[in-house]
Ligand SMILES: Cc1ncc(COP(=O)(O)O)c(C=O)c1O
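Below sits a lone chain in structure tokens, taken as the form predicted on its own.
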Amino acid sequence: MKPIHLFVPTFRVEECLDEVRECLEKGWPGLGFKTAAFEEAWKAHTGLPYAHFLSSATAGLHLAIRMLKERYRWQDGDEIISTPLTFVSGNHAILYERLRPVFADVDEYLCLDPSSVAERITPRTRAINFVGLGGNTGRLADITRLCRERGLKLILDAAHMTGTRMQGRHVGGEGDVSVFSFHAVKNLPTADAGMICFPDADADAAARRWTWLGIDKDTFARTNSDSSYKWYYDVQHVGFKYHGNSIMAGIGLVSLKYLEQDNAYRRQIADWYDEGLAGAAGIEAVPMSLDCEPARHLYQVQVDRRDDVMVALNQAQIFPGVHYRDNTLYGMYADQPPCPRARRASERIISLPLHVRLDRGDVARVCDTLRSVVRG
């Protein structure tokens, strides 16, 4: 029996190899001409005004918080409201800067619930970190409004939202900073990379210094400068080595060409799941917000006896995932306030296989097996 996996990355191999070959032939595999080309292509595709290519989305989340802390003079111990239902990298990024994550509960979309967020705001709250789980926008518009009303910064963790549109526009412009992921299993796959998007030129320029160790000119810029003294540069502050490289950017350029086609097929797969699970007792599909066209990075359901169901699916050669465990179940976040809806979802949630190599027969097999297992 053919195994059906949660994620199987798809690359247009020959096109990717052409891009990589050009990097190798020109002797420029690091930050350089391909990273610049990918940034321009990304801006053209999304309509976002600025974008800087990074080594990972985790680097981007840390950088976002570091820069906001520096720019607005936040103090150690200040708070960022976040979600417990996410990959730990986003909450770790808050701790990297000696700030305090404060968890708010989730809504039916498994995104931050604005009412729970409002309850968690204190005089030390500085920002809200909104995670678009599975490509969903949830109540992002309400969270954005809340940030503006309370004078809080909005960090959009858009790791799952590459290609998500809200009211016809690609997401990202809502936030004071937005971070996207191009990890191998994401909708726009490379091997591992990300993009950070600020709304203004000054922040974008600062991000480039932060990602190149605080140096005011990267190697590519110096090489292409008209200056006779290209080896001179200034180091303005301590920074990181977070920039992306041209090999990943080349793969990203190819993946971006197929993003809309692939996302359309992912939405088709989600429609097949909706049909195959319609009316199934004991299986609750997580809804998509009505005001968005989602990237559909995930198709999630909630069931009772989740762990038993997962084991049974694995025995049938179907390998779904769990996105995510409630972070308060981890020792380092156990002191957080209770978030009962996030905890309940964490105990019941399953991410069904979703990638562009699936066909309708695969989806039907997953649906039939899941229904049979849940019926017992």
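When you see a residue number, it is the position in the sequence shown, counting from 1. Note that the structure is predicted; figures quoted are calculated from it, not measured.
One more form of this protein should be noted, the form predicted in complex with this ligand, which is absent from this view; the next part is about it.
Stretch 182 to 190 is the contacting one of 93 to 101, 182 to 190, 140 to 148, 275 to 283, since its residues have non-hydrogen atoms within 4.5 Å of this ligand in the predicted complex. For a residue to qualify, one of its non-hydrogen atoms must sit within 4.5 Å of this ligand in the predicted complex; none of Phe38, Ile196 and Leu259 qualifies. Residue in contact with this ligand in the predicted complex (any heavy atom within 4.5 Å), chosen from Ser346, Thr46, Thr58, Asn327: Thr58.
The contact residue chosen from Val106, Val301, Ala159, Ile251 relative to this ligand in the predicted complex is Ala159, the criterion being a non-hydrogen atom within 4.5 angstroms. Of the heavy atoms in Thr86, some are within 4.5 Å of this ligand in the predicted complex. In the predicted complex, this ligand lies farther than 4.5 Å from every heavy atom of Ile155. With a 4.5 Å cutoff on heavy atoms, Leu110 does not count as touching this ligand in the predicted complex; it lies far away.
Within this chain, Val131 lines the site of this ligand in the predicted complex, having a heavy atom no more than 4.5 Å away.
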